[in-house]
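Encoded as structure tokens, the following chain is the form predicted alone, with no partner shown.
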């Protein structure tokens, strides 16, 4: 599909007021996306596990307005008005107006909350923007009874729209493994939206667990948007993009074979490469904290001693995602609680697992 496939045919608005609500999960990339081109196009492909418990719940209310020249909306996070969110949402509306032509005709009230800390490196923009995109798709569907779209088209367009708000948000619409970015090794992959991973996956990777250790719940000192932009002119950028394509081909065979050791090696290498790109950009920056490194070293030592398949990955932040198969979860979770939680801020952590995408909520 191309961008033009998401521009709707003219329709008559038949409904004037309404309310819709969606919950959409975060996701954790195994092969990382870092660096983007114009219009939120990724410099390299990525693949992610969709999470289950870390999610954003967004309710969107809409009422008609007389003046159609400006966007009109207000945003609330956990019941508090958040005017500092408005510039990002206005930019999002500008990018998607061609695909949702009703945006200037209504006033929107956006009420949202997360089940996890905002802006701390658990992809809150991914879950937040995907939830908002899904709400807007439901509004479009509600506005005109003449619109008759399939679930597949609805999800694809929602992923396309979400990408224009936050790149990784396009990977949060569905699950359990989602690919974003055109690459030769994955049939159907595209830069425009996320697609479900189309190949067989070994039972080793079903019901995979993700315990998120909250090393730092504060807002990151360098946003992901700034970090992505620092890949322009980065001395190692092209090698990194090539590496991501190679790792997409490698992970395809790993997922088919069930090779957990190879999976862990690739996943951890990707995490450290992501942070290496940050540390070698200009200006350079470090999002990991001392306790991040303490946790990583503890994981390596425990894996060597126990022989269990415990590994880690990192998003663009200090928090550590500890990933492991469900059939080893008893011993590994005990290790996490006894050895790793001490490095978390206020001893806080989140037990999560692979999920299967967003859900519309009833009132």
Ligand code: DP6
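No experiment lies behind these values; they were computed from the predicted model shown. Positions refer to the first chain, counted from 1.
If you look for the form predicted in complex with the named molecule, you will not find it shown, but the lines that follow are about it.
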Any non-hydrogen atom of residue 36 within 4.5 angstroms of the named molecule in the model of the complex: yes
Even though the named molecule is not shown here, does residue 168 get within 4.5 Å of it in the model of the complex, heavy atoms only? yes
Non-hydrogen atom contact residue 225 with the named molecule in the model of the complex at 4.5 angstroms: yes
Looking in the model of the complex, any heavy atom of residue 274 within 4.5 Å of the named molecule? yes
Counting only heavy atoms and a 4.5 Å cutoff, which of 49 to 57, 309 to 317, 295 to 303, 66 to 74 contacts the named molecule in the model of the complex? 309 to 317
In the model of the complex, which of the listed residues (125, 138, 211, 204) lies with a heavy atom within 4.5 Å of the named molecule? 125
